[in-house]
Ligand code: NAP
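Quick setup: one chain, the form predicted alone, written in structure tokens, and binding and motion questions come after.
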Amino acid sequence: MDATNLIQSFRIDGKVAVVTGAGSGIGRACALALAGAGATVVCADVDATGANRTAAAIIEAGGSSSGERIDVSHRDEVEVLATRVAAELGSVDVWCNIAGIMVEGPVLDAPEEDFDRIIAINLKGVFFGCQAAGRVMTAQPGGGSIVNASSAAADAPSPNIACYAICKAGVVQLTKSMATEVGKHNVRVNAVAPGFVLTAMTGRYFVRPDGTVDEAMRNAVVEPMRKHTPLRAIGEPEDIAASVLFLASDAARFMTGQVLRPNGGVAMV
């Protein structure tokens, strides 16, 4: 592959991509990045307003997109979306399982309903997405790329997020196991495991109910995280989107069952 073709391999022109959790944060950044690289992007989120807002931003920038409301914890909704996108747009070339939630608390006090909820969204939701996308991709000539969202929490344990970490560790093993099954159909399955990223999920520590930022609280949360990373940096959603775009593209055609860790060096595996 010459240099020109190598650069072009990062493009995904003409591809059809589905991004769950596209209404905000990392999911939104991923949808925008994939669209910017040439894909038609289906923005899926339980927050229909957020999904439509992301799709509108893509269209305004000259891309092709639509918004879809989906609850990834409902298997039938995920399967219907994958089947419909393939029928209407001709294929599902990229599927990014980004949707997720955070539930905090010590293991000894974790209510069963909290554990069930986070498993339903963060692990089963990814499993359902892998199943639905995998069925479409293995049946189409071009194969496809599935990208799952894990977390540095799968590698570096921290107090009070055990339920979250369990899900994200499960996503890593799901990614590797599925990669061994569908590779013969030219379907790649990889994951990203972000470190601390400034999103609404992390912002809940320092964003007031009216949307304003408590700067003192922000510094109390962010600065220790910054100092904890070798790069002395805090991630932005676009940092994760860059890794997702790479894994979605042909630039990563020789990668499957891998976990990229854009985490500032907080966990090195």
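Treat the numbers as computed from the prediction; the structure is a model and nothing was measured. For every residue, the number given is its place in the sequence shown, counted from 1.
The form predicted together with the ligand is left out here; the points below concern that form.
Across the proposed site, Ile26, Val72 and Met201 without exception bring a heavy atom within 4.5 Å of the ligand in the predicted bound form.
Using a 4.5 angstroms limit between non-hydrogen atoms, Phe196 touches the ligand in the predicted bound form. By the criterion of a heavy atom within 4.5 Å, Phe115 is excluded from the residues contacting the ligand in the predicted bound form. Using a 4.5 angstroms limit between non-hydrogen atoms, Gly100 touches the ligand in the predicted bound form.
The ligand in the predicted bound form is not approached by Asp239, whose heavy atoms all lie more than 4.5 angstroms from it.
In summary, among the residues Met178, Leu81, Val136, Ile121, the only one with a non-hydrogen atom within 4.5 Å of the ligand in the predicted bound form is Ile121.
Here is the short version: of Val46, Ala37, Ala57, Val222, the single residue with a heavy atom within 4.5 Å of the ligand in the predicted bound form is Val46. From the list 187-195, 106-114, 85-93, 128-136, the contact stretch for the ligand in the predicted bound form under a 4.5 Å heavy atom rule is 187-195. Scanning 143-159 for heavy atoms within 4.5 Å of the ligand in the predicted bound form gives Ala149, Ser150, Ser151 in sequence order.
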